[in-house]
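Below you will find one chain, with nothing else, as structure tokens; this is the form predicted alone, and questions on how it binds or moves follow later.
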Amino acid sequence: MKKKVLIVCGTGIATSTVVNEKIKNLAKKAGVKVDINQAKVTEAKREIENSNYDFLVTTTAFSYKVDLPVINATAMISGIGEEEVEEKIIAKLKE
């Protein structure tokens, strides 16, 4: 089964691209197929409403109420607490 993930950052380019690559590597190691899209935080709610994502990963403040799990992945940029975030992402990928 392929998991569909949306990564959200301030511009939809910089930090989401870094996290995108990390999630692709985690999925590969876990043996999970993944489809990842990136978006600006200002576009996230509309993107979520128009697609069927399994979960959302964000590297910025995210205050919208959405009906899917949200994982804050700032640690994947700073490196502080990254392993804990990776474990959360792997668990969601394997669900």
Partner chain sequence: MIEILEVLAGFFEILTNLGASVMLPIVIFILGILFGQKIGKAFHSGLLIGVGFIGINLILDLLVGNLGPAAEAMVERFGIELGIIDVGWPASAAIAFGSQVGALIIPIALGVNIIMILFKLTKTVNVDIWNFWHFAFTGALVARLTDSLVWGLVAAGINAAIVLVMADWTAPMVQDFYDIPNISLPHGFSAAYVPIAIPLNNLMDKIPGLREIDADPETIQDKFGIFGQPIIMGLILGLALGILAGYGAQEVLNLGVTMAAVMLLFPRMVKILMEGLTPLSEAAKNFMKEKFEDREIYIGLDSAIAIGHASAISTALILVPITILLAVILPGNSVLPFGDLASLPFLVVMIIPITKGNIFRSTIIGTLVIAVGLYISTGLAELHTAAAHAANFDFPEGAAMISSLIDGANPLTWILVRATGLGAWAIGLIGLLTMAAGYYIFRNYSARDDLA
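In this text the structure is predicted, and so the values were computed from the model without any measurement. Residue numbers count along the first chain shown, from 1.
The form predicted together with the partner chain is left out here; the points below concern that form.
Handout entry: Check all three, K29, L68 and E95, heavy atom within 4.5 Å of the partner chain in the predicted complex
Key = No, the candidate spot makes no contact with the partner chain.
Exercise for the section: Look up in the predicted complex whether D35 has a non-hydrogen atom within 4.5 angstroms of the partner chain, and give yes or no. Expected result: Looking in the predicted complex, residue contacts with the partner chain do not include D35, since no heavy atom lies within 4.5 Å.
Handout entry: Proximity of S51 to the partner chain in the predicted complex, heavy atoms at 4.5 Å
Key = Output for S51 is no: heavy atoms all beyond 4.5 Å of the partner chain.
Handout entry: 4.5 Å heavy atom contact, I23 to the partner chain in the predicted complex
Key = Contact with the partner chain, no.
Problem - Contact flag, V85 vs the partner chain in the predicted complex, heavy atom cut 4.5 Å - result: V85: no, not in contact with the partner chain in the predicted complex.
Problem - Heavy atom contacts to the partner chain in the predicted complex at 4.5 Å, residues of 65-95 in sequence order - result: Residues within 4.5 Å: K65, T74, M76, I77, S78, G79, I80.
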